[in-house]
Each structure stands twice: as structure tokens, then as C-alpha cells.
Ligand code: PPE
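As C-alpha cells, one chain now follows by itself in the form predicted on its own.
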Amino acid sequence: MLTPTEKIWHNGRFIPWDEAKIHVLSHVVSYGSSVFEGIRCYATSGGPAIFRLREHVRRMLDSAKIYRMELGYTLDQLADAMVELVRVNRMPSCYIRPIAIRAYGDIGVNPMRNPVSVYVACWEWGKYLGEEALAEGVDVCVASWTRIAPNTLPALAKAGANYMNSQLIKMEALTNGYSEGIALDQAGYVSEGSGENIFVVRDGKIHTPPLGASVLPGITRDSVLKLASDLGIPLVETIVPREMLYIADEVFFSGTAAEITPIRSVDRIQIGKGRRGPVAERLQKEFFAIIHGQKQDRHGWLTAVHAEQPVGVK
């Protein structure tokens, strides 16, 4: 259950949490017509700092453009609203959810006569797959559900309707005793988890599916690519056969919620030593050192909520 905070941003003003309501006949309810983001704000030595804020807002605007939604706000306006929301709610750290919906107006498949309403909420949230998972890893399965195919729903957009596919993958995994499912793409190659990108390590080299494999262009995925380059770890974006999961030295997820989470087994087949491997551990240590302000923010990933307070090491 969510722990409510005091305020939610709605179309340019702050409203009480309990007043953030929509009509049951809003277009989004029947047709899933929304675009959204999930953004982390971390506690640092300089106070709360939002991770890759502008990249997240840009992706949301891209998603809206793909779905022909006019949000009515610029990247700077939305980013400023999120910073102010964290400040108003006095959050030391939190999860931020901006969402734009097709609201109440007309009913029917055509969404274009419905107004677009934009909300931003934040709340306290811990580790998505559990604190222990960061070291011990999680057990996953290959889903029977295929990832959305090219030219059906746009995989590059983070949209509500797309996540019906993710829900099927997640529910199947949980029902069968796994923490998460991995979906294959239309061609039968590895795509991604229900809400995470995936990386496979073999002989010291990282392999990750390309954007053409129906994957969301994850912000944390991009961060892993940059950190691997920083650390001198070879990485290639390439198609990944299903069976490569079973013979990998390491497999791990990345995502805003999952951060960097190792996978210890796939379809009951142990991966490597059955826990976090050395490549995932190196990436985790570097990632968490940067986002918590213990190492220099060399890529400019952190936006301080309280601008007068510097983030990270001197």
C-alpha cells in the first residue's frame, strides 16, 4: 500500500492527496490512454536529489508525442514541478510518478476530443524486488507471453496500455513461484522483464538486447551502459538467444524500481554461482556510490532538490 504524502501536483497547482481523483468515464479508464514515468529521488549528503530527472521528463514527452498527446508543459516546467513537489512534501527520498491521462470528455476509441490532464505524485518506496535481492539475486522464468510486437504498440513509449502486456508477464511469474518473468520478442529472442531491462554476462562481456527487440529505452539501462564504459567492461547491444540465459555467467535486471538486481536462476536453472556475480557487483557499487553522493556525479545525473546544497563529494 502507498503511504500518502501531503500534496500532488495537478495541471500547475498543488492539491491534497485525496483530491487527486478522476471520473470513471475518463478516457484513460476504458482505453489505457496515459503516458507516465517512474523516477527515483535519493537521499544524499547534500539532501534529496532526483536521478536523471531531465532524461525521464524527455522520455515522457517523447511518449506523449508518439501517442499524439499535447501535455501543455515544457520539459523545464515539468522538471521544476517535480523538484518543487519533493520539496513541498519534505521528502528525504522518494519515488516520483508523473502521469498524463486522457481525461473526461468524450467516450469512444477516438481520444482526440478528450482533454489531457497531468499529475505528479511522490511517495516513499523501498527496493522493488527486495533488499536481499541486491546481493542474493532473484528467481525468474521465461514468460509464455511474448513482448509487444513491432508496429502493434510502440515499445519506445512508456504508456499505460503497453503495461497490460507487462501485467500478464508479472502475474504468470508470481503465480508460478517466481519473482519476475522475462519476455521474448516476436522473433523469439530475449526482450526484457515486465518492468526491467536485462543484461547477460558471458566471459566478461555484457550483452543486452537492442531497442529493436521491443525494449523500453530504460534510463537505468543507459546508466549501466555508461558505467560499463567507465569501468572498462566490454558491452555490446545485440540479439540474445533464450538459451544464452541458461549458460550465462551472470544475468541481471536494471530499472528505476529494480535499480541493478542480479538473477540467480532462470526456469530453475542456476546462473553462475547462484547469486550476484562480480560484474553486477562492480556496477552496483559504482551506481549506488554516485546516486548517494559518495562519488563524484561525473555524468551530471543528480538534480538537487535544495539547490543551495551541493550533492556528492567535493
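A quick note: this is a predicted structure, and the numbers were derived from the prediction, not measured. Residue numbers run from 1 along the displayed sequence.
Beyond the structure shown, there is the form predicted in complex with the ligand, which is absent from this document and is the topic of what follows.
Shown alone here, R102 lies farther than 4.5 Å from the ligand in the predicted complex, counting heavy atoms only. Using a 4.5 angstroms limit between non-hydrogen atoms, G218 touches the ligand in the predicted complex. In the predicted complex, the ligand stays beyond 4.5 Å of every heavy atom belonging to G277.
For Y163, a non-hydrogen atom is located within 4.5 Å of the ligand in the predicted complex, even though that partner is not displayed.
Annotated contacts: W125, K158 and E192 all touch the ligand in the predicted complex [non-hydrogen atom within 4.5 angstroms]. In plain terms, the part of the chain that comes close to the ligand in the predicted complex, with a heavy atom within 4.5 Å, is 91-99 out of 234-242, 132-140, 91-99, 67-75. For the options S33, T256, S63, S26, the residue carrying a heavy atom within 4.5 angstroms of the ligand in the predicted complex is T256. Contacts between 37-68 and the ligand, taken as any heavy atom within 4.5 Å in the predicted complex, involve G38, H56, R59.
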